[in-house]
Structures are given as C-alpha cells and as structure tokens.
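Below, in structure tokens: the form predicted alone, a single chain.
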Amino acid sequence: MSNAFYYAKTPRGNTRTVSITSGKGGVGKTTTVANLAYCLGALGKKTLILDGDLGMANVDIMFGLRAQHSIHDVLNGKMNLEEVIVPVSPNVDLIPGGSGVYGLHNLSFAQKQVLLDQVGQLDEEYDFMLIDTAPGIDDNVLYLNAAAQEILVLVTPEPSSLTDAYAIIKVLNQKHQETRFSILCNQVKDEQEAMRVYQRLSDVADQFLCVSLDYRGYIPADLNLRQATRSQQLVSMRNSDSPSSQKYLQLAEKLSLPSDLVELKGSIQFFWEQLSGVA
C-alpha cells in the first residue's frame, strides 16, 4: 500500500455521532480522533470533528493547521457555524474547540434555536461526527459523551488508565443512564494484551455496574505512531503501511458498518439538542 489511502465517495445518510473519551489525559484521544477521521475520509465517509478538549484544543495542529476561529464565535453571534468549520483533509472537516463549548447547555432559548437551525443543515452533509472530549469527568465531558450515539472509551494498560476509564463509565451510567460503551485499547503490545486490558475493565464493570462493554479493537504501541505524534503529524497520512495505521483503518471500517445505536439515539440533530438541553 502507498502512503496515501484510496479516496472514494459514498452516499450521505444520517450522521453517526461518536465520542472518544478516557477519564484521564495522556492516553491518545486526540491522536485517535485525528487518525480515525482521516481513515474514515479515506473510505469515502464525510466526517466532521468537534474539538471538545477545551483546555488543550489542538486537533487542528495534528493536521498541520491553526484555526483562526472556533465554536465560541458562533455562540457569540459573530459567525455562522459553517463559517468556522475548517477543511483539514480529504472528506474531513473540523469545528475548532473554544471556551464557548463550556456554555452549550446554559445557552438562552434564542441562542439554542439559532445553533440548532444551523446544525440541522449539517445532517445531510456528514456520515460521521467524532467528538474529542477533554480528560476528566466534569459536566461538559459528561454532556458531550451522553449526547453521542456511541461512546468510545480509550484505555491503556496502565492501572491509572483502567481506573479512570471505569470512573467515567460509572458516572455516565449513574448520572446519564448510559448502559452501552465501546472499548478501544491503546498503546498495547498485541491483541492478547488488548484482550487482557479489556477483560479487566469488563470484569469490574460486570461486578459493580449494569452496563455492556463492547470490544472495538486495539491500537499497537508502534514506533511510527510515536514519531508521527511527536512531530504533530498523522501516522495514517505519514506511513499508511505501519501497524497502527492499519488498525486505525480497521476501526474506521468497523464503525462504517450498520449499528443499532443510530436508531436508539438519532443523529447529529439529536446530539446538539441533547447537548444544549432542548431535548
């Protein structure tokens, strides 16, 4: 395979919304979001990224860009949503993060209606929206996760990562009645280690919570990935033959399959209605 994936076009449908979360920082959320979005784009899936990591909003940097505007400008009435959306790679657009995301669920009724009217027009444009959440379990992280159709929890073999992944699953279950979570194991040696990490998390969840954890796969601890990330580049763009690039592509292919989560929660309009408190 060459260093660039084949780009195709597929018919648009209802937008699938997927949050990528962890409960702690340093586990590779932004790297995963950016590479996954790039691979979805390579599969012909029009993808929108929402950078919800407010303290360290940096998805644009991973694509070699620096956004001049953010969702904060939309909430202030300075710009329309379409004006702040930045194309970052083929079939992939970005809504840059900004301090305004903190107030999404505290907007006035008029602000909510303006935002939702604009968002409603996006549903026919995108196949996926990926949400890069901030680390931790504060209200904004919980709102972003609870509004998404699929909550993808990123976990590494580190004990602290397992503890924090369990914590965010527990809080989302207790506060927002979420019962289904997808698990992606990151920075593991191989699938055997990934399954051990997943099983440890699943065993604890089975013992104390009434939730379902679905194994989504793993991303290996790949030197190519570390080098690309250190250089603020996408390994999927820089070296598509690397083990991590292949796993990101496999994950994109899995996400592209039909899912009953779409029927359970609705699409992109539902996400923003939930997030802003209209629904």
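Numbering starts at 1 and follows the sequence shown. What you see is a predicted model; the values in this text were computed from it and never measured.
This next part talks about the form predicted together with a small molecule, which is not shown.
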* Asked: Quick one: which of 66-74, 27-35, 208-216, 42-50 gets within 4.5 Å of the small molecule in the predicted bound form, going by heavy atoms?
  -> 27-35
* Contact label in the predicted bound form: Asp60 to the small molecule, heavy atom within 4.5 Å -> no
* Asked: Is Ser242 close enough to the small molecule in the predicted bound form to count, meaning some heavy atom within 4.5 Å?
  -> no
* **Residue contact check: Asn145 to the small molecule in the predicted bound form, 4.5 Å heavy atom** => no
* Touches the small molecule in the predicted bound form: Gln149 (any heavy atom, 4.5 Å) -> no
* Asked: Candidate spot Ile85, Pro96 and Asn140, all three in 4.5 Å heavy atom range of the small molecule in the predicted bound form?
  -> no
